[in-house]
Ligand SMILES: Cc1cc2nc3c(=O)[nH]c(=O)nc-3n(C[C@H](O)[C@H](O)[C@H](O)COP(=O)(O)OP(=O)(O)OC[C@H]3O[C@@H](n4cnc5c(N)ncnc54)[C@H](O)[C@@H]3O)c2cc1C
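Presented as structure tokens, the chain that follows is alone, the form predicted alone.
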């Protein structure tokens, strides 16, 4: 017997749960099915936390891509490992909770640089300056409230963008170890800022954010647990170990059903719905659509103009590391996230050659005191180590632009969750190297001002963290897979709500913007469906 729902969501990360929550709050009787190929990993498990502390073993490690499983083509290696979590709650299970807004110029990348792509919406669509007077929704501000973001509204970039609204939570203050870098930044004209973090609940500063024992940083698992447990939402259901194999389309090209494999039983099931939302991330959203062919879609749903899987882009890491012979204050990194960042080079003037978002390395300076104690070191020996040579590193996300020849395709075979494997062909713009060297030189000036010896100034290969654009939004089917409302061109009832739909990567983390876009999609579905 085929089951029917009003809405089917493919994926259970922050996008799927945010849209679902919006729909259920509007109509508690809405029938919603949410499917995820991965398992449910226990959150806030004390035993798992001890394993993490002692063995650096996280309970979701087995939900990462396995090294060597996927492949890279092109002239640059693409990193896969530890960039996404395939599980209940998606990648917020392991994210650092950095929650930064895109800036107005990020939505007009091609217009400003003649590279990459423009968004079919603008910053004002997510944060209208006249929201209160006109009754419009400030999606960025609502997303910050929902994620419980902390930050400093008085930073110059925030005064420009926030329309006078404060952050929901006060910022994490800079740590003692940040001080010398703050002074170096100010010396060379870089404004230091506080990293916006999705705190969610009171942080107890264990320094183990990748598996928080208290649930202190936002995790989609917590919201999903609440939706499932809420007695008002009797028609909401979530299923794990459910790998969607195909989106079945009708003669008009609309989604008519989905077929999924229960990987525990081997049974294939068919589900029908009024509306389908693919929220499976940049990789799986595009791969599912590629393998979903039909009468109108010979090359996959939404792919009649050969844009599906194209333009894949992510951040490259820039790193400048400096050392000093002694650490008389015995500084160590206190948190598992950086408190110090800057958007001074994330500006319209820097956009042409690539903006950067700078932050202090979250693990340096680092001396593992607990490990030294387990090794039997005395207090004097530990103090001597603490007071010895110290390293500090500034990192940055470098904004690269999407290119048509950079693409994701299907690799034969499946992984342990039944998901098809991935091939990414990636070529760097020849101008990248000169541009990156300029950014590294700017960052190095901070270490010169600190009187630290520069140990390295380098860039890393791109990778799956923050990957975007494989189903990018556009004004028309000729320049995008999805429209301004994230609906797949040529369909009436199929949407892609993930980083895959972003036309550009920008210089900062995408999760806050994805959350705002998910709220916007929820309101669109409320207006346009029979909810």
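Positions refer to the first chain, counted from 1. The structure displayed is predicted, hence computed values, not measured ones.
There is another form of the same protein, the form predicted in complex with the ligand; it is not shown, and what comes next is about it.
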| property | result |
| --- | --- |
| Single option in 304, 113, 83, 249 placed near the ligand in the predicted bound form, where near means a heavy atom within 4.5 Å | 83 |
| Contact residue in the predicted bound form, chosen from 402, 281, 354, 193 - any heavy atom within 4.5 Å of the ligand | 281 |
| Partner proximity in the predicted bound form: residue 439 to the ligand, non-hydrogen atom cutoff 4.5 Å | no |
| Proximity of residue 37 to the ligand in the predicted bound form, heavy atoms at 4.5 Å | yes |
| Distance check, residue 90 to the ligand in the predicted bound form, heavy atom within 4.5 Å | yes |
| In the predicted bound form, residue 341 touching the ligand (heavy atom, 4.5 Å) | no |
| One stretch from 450-458, 137-145, 96-104, 158-166 that, in the predicted bound form, holds residues within 4.5 Å of the ligand by heavy atom | 96-104 |
| 149, 360 and 395 each touching the ligand in the predicted bound form (heavy atom, 4.5 Å) | no |
| Residues of stretch 452-470 in contact with the ligand in the predicted bound form (4.5 Å, non-hydrogen atom) | 465, 466 |
